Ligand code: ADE
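One chain is shown next in structure tokens, namely the form predicted alone.
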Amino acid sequence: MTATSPRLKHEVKDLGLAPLGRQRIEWAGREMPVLRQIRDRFATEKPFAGLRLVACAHVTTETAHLAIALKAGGADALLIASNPLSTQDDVAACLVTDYEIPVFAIKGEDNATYNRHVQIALDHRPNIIIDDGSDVVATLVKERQNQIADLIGTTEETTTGIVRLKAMFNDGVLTFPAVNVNDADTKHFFDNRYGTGQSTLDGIIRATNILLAGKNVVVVGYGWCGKGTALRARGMGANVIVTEIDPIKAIEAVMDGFRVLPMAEAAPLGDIFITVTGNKHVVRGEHFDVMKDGAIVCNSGHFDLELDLKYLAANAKEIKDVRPFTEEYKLTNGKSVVVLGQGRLINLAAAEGHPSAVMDMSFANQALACEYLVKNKGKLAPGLHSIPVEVDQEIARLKLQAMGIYIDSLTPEQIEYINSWQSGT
């Protein structure tokens, strides 16, 4: 670590918060042994030497370790926030002060500031973009076509961002490679399920201090994030209702023991609503209108558009803060709806996001996806690419090793058997 240069450009809340950020980053590092091993190798091999890298991500203690690993690998890295409420200001300050990484992120920044930071990120003329939600990539495609020639590729680890990249590809504007980190097994099986499940409920409890046992919790969407959230809510004694549009996922929810209803039927029953779909307005005006008085609504998907907050604001006779990150909308029908974290990611708005142990694997994927892009520069076709299976398995192996867990290997006889069609019963 070095003292910050006064010439280092940045926009953070207060550099004086750096000592607290340093302490918290070091604590998170105890639970991130896989990324630490990758960082040590990067420091020796310098795979990103001479390359400019931009990361648009939640500025948390775990993201700090990813940024530090990329800089150790030689990257000229710059970090901006991917969500106005997800920045941890002390972490941002520490990255500037102690690691000389330019950071443009302030918790609570408005949309104009966020958009300005996206432009600052593109002014860095990145060769690699790490994007949460694909805002930087979308802005590049719409406004900075002349910079695409500089780009080796991008990585994306949110469901929302993958949906946007697929749409870009279908429209013929994704003219460079993008690595789908979100679908790596060591990402979505663990980050989405265990990370989102625990951190979402953590955010709800910190914001409200309510008892979940006995409450009707409506989980909107039963992807990996929804599965984890539903599982953890049930574990705390909640009565969980799932809403879905996918018949296969709906059957899975039923067979996992959850009640499945259309949103129109779930809306009058729920005490707490949690959206995890990656889509727009999954909770709308007709749902708000029939909710119980005092129903709590929150979102754990990437963007706040999952909730139709404009409808709520237009139909509220009063909006007031009742607790930090907790707003009560008193509606004209006489009832109230409580919105947590302004409809943004509740696990990061009111809590600290996913536990470090699970982000260790997610950010190992991000780091190795960037290396994969560099190693295959000019060889990958435009469009989405999966993390190679061998990379996924290596991350899992390293995680098990760090946990002191060992597994079996196939015997030569077993290898011969599974590769032969002639042996049978």
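Residues carry their position along the shown sequence, with the first being 1. These numbers were taken from a predicted model, which means no experiment stands behind them.
If you look for the form predicted together with ligand ADE, you will not find it shown, but the lines that follow are about it.
The candidate site formed by 155, 366 and 373 is entirely out of contact with ligand ADE in the predicted complex, as no residue has a non-hydrogen atom within 4.5 angstroms of it.
Exactly one of the stretches 285-293, 349-357, 223-231, 258-266 approaches ligand ADE in the predicted complex with heavy atoms within 4.5 Å, and it is 349-357. For the options 399, 58, 385, 36, the one in contact with ligand ADE in the predicted complex, meaning a heavy atom within 4.5 Å, is 58. Using a 4.5 Å cut-off on any heavy atom, none of the residues of 256-274 reaches ligand ADE in the predicted complex.
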